[in-house]
Each structure stands twice: as C-alpha cells, then as structure tokens.
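Encoded as structure tokens, the following chain is the form predicted alone, with no partner shown.
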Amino acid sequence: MGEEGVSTDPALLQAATRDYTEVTGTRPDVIVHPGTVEQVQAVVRFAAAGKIPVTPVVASSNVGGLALCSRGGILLNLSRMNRILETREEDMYMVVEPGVQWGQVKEHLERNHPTLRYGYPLAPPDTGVVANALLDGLLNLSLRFDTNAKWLNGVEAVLPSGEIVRTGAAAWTRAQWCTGSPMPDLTGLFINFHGTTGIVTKASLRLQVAKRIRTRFFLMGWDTDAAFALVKALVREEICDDLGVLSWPVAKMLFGEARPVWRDPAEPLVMVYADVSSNRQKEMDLRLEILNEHVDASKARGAAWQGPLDVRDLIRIEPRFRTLSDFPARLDFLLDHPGGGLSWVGTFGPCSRWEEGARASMAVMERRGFPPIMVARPMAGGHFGVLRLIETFDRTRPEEDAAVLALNRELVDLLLPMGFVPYKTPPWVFESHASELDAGFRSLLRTVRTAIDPAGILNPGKWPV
C-alpha cells in the first residue's frame, strides 16, 4: 500500500480515539488506508493470522462510537475506496465502494443521470453512503421507501477469513445486480452488525425516479401534539416524500443561539417540514391543496399554524433557512461550535406513542439543563417512526462527556419500555439492557457471529452478546 497507506503518527492515532460523541475508544496501533479489495483481503488475513482486532471506518462521523477501536489493533480506513463503479439507468441501481460520499452521489446523478435520484440524510455531504445503509440510516425518501438498508440489492464483503462473498443476484450472475431476490437474504448478515461479520467493499443500491418538480414546505406551530397529529394524517394521504417534526431549539440554533434553554411563548414551539414532488404541476397543486386542507382542519380543532411556507420564500426572507432547504446538509449549528461534541439517542418505534415519548424525553432533557432538541420522522409509509433526541456539548470537557452519557442513559431507560429501540446502537446500550434481549435472539446472534468470526477480530466490543 506504500507509505501513504499506513500511518503510525501518534497524533493521528490519538485523534482516532474520539468521534463526535461522548464515547472514547482505545488508541489503534496503526491506521491502514486500503485502496482495493485485494488490499482489504491482505490486511484481514494478516490480522486473522495474529488475532489482531480490525475496526472499519470511513468518515469518523458516527454518533454511536461504533467506528472507535475497543481493543487497539488496526483501524481500517476505507475512505480511499471511493469510486462509483457502475450506474444502470434503465435498471435503476448503482454499485459503489464504501468510501463514496453523499455529495459525490448527488453530483454524479444530477450531472450524469438526471432522471434518477437517491435519498439523502440529514448529514454532511462528506459522510459515507454505504455505512449509512449498513446501519439502517434515514433518508429524505424513507417515508416512501424505508431505511437506507432496504435500498441494498446486495453487497460484496471480505469475511474474517479473507474470503470474498457476494450477496443478492450477483451471487449467481454477473449480468445484473438489480435485486436481492430470489436469493436467500444473506445481505442481512452485514446490516446492523456494526462491522462484526465482514468488511463491505461494494454495495449495489437502488435508485429512484427523479421528479421534475420538488418543493419543501415548513409550518410553524404552537402545539406539539397537533404537529404529530398533522404528520400522521398527511402520512395516510401518501402525498409527501418526507415529513418531519422539529422542536423549537432547532430554529433558535439556526438563528445563532448556541444552547437555547428558554423560549418566549410567542415563539413557535415546533416546526413541521413536508417534501412534495411530482412530474406534473396539476398533481403538485393537488398535493398542496390536500396539505392545506389538513392544516385548515387542524386549525379548526384549535391549533395555531403559520404556513405552509415554501422554503424558497423563507430563504429570500432569511438566508439561514438554506441550511434546512435540502439534504445532505452540514448543519453548522450542530457541528461547528466550541468543543464540537454531538450525541443523540435515536430510536425506531411506534408512531402511536410519539407524543408520549417526545413529551417525556424533552422533559428529561430540560430537567438536566439541555436544550430539548427533538426530531421525529415517519418511516416506511408510517409503519414506524423515528424519535431522536440530540445534544451538543464540549467534548474537551470530561464533565460534559459525563453529563451527556448520564442523559442518554436516562433517555434509553425511559424510551425502550415504550417500544422505542435505539438504532446505530452504542455498545453501552447493550451493556445496560442486555438482560432485556430475547434469550433465543442472543444465542442465535452469538452462534452466527462465532461461525463467521471465531477469533472475534472484527470490530470487537460491538454487539457484545
């Protein structure tokens, strides 16, 4: 790999012990930057021979401590493997390497395949697409097409033995990789396993039809329960690509207040956004008419709303709204602040308990002196929803690390019994709630992990069952 592919620089090794969060990992012994699948194989075989831990990483932007070393060893940085290998317009899929970034995909499709689109997360453009898919990440089309993992047709992965496996249709044919069916779904062995079963080196990802007309609308409201009710009603209409509920600190932070813990009653309590798209203006007009009907009905029940407001009009009034106008996006008010700390408890759970979960969790955050930053989004046609609680903090101060960890533990203790299951799940959640996992699930997971990685070299400490 050459000198540029291997680093033992003490400063880089030390920097690799932290991500955005309150979690601190162990220092790796070496950082390796492979550029090909053959180099990944060689590293994994070397590690297997010496039973050396290998932790995969791309952008070091994970918010669960999942790409931090637990036992030193090799930090396998896959960012050099950043090629979009194939895009099939008629079959609507692309094949990418693990270092491909969101901004790269968006530019590629808009420039070369404008009839196609991918979904994008509320994340910086320089973060990784494949890692997001393997961790069940959210997209701005997840209301219609579910989490990013469901967009996977299959993967190529290097197993702990150094062998290569391909899943989906590519396991049987090189003519196409447009589906995972009708093959046994072995792609699932790499989804939400947090890099403990193999190093994914290629992924086939579904693309969707790009609509000619697309608009994001915002509504400002003063009743959180009414906001959730409105979103649930709009989900049933199937007129939106994406819907989200944002609590009041988001707006105040967007306008420059670093850690808002007080709100004037005249200020909105909640923001709702709705993404609407179509190829026909008549259809767009009808979708907006239906949206307005539901807003009017909410007002008739006593809720106060401002909007819906087209984000383009908001940007003309206040350019700072551009940050929320499209995804992917670098939310500077969450990332670019003294200390640079960002953490969360992100959960998937029942939309029927959204209001209860949001109300209780925001009260915990306020009691502990944190701004009650809450994001909620319906997923997969409303079959479940996201409830995410976010904290910013100074990660150079150990007392703030401790305060964030204590808050996150209390939030998980509160939400898990309601059915809100943490995603991109930090190891400490398993340690705290291991006894609540189904015994058969734990046994089967342990059996699968041991069969694939008997020496336990891949990302040890994650999913510690």
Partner chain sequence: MMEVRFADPSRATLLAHVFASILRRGMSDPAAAQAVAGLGRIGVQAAGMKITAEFLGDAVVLSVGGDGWRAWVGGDMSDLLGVCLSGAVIGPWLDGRVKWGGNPFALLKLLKILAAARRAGG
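Since the model is a prediction, treat every value here as computed from it, not as a measurement. Positions refer to the first chain, counted from 1.
Here the subject shifts to the form predicted together with the partner chain, a form of this protein not shown in this document.
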With a 4.5 Å heavy atom cut-off to the partner chain in the model of the complex, the contacting stretch among 312-320, 172-180, 195-203, 347-355 is 312-320
Which residue, I239, M374, A251, V386, has a heavy atom that falls within 4.5 Å of the partner chain in the model of the complex?
-> A251
G137, G99, G307, G168: which sits within 4.5 Å of the partner chain in the model of the complex by any heavy atom?
-> G307
Is there a heavy atom of P268 no more than 4.5 Å from a heavy atom of the partner chain in the model of the complex?
-> yes
With the partner left out of view, is D332 within 4.5 angstroms of the partner chain in the model of the complex by any non-hydrogen atom?
-> no
Find out whether any non-hydrogen atom of L141 is located within 4.5 angstroms of the partner chain in the model of the complex, and reply yes or no.
-> no
Determine whether any heavy atom of E163 comes within 4.5 Å of a heavy atom of the partner chain in the model of the complex, and answer yes or no.
-> no
Quick one: which residues from 188-227 get a non-hydrogen atom within 4.5 Å of the partner chain in the model of the complex?
-> M220, W222
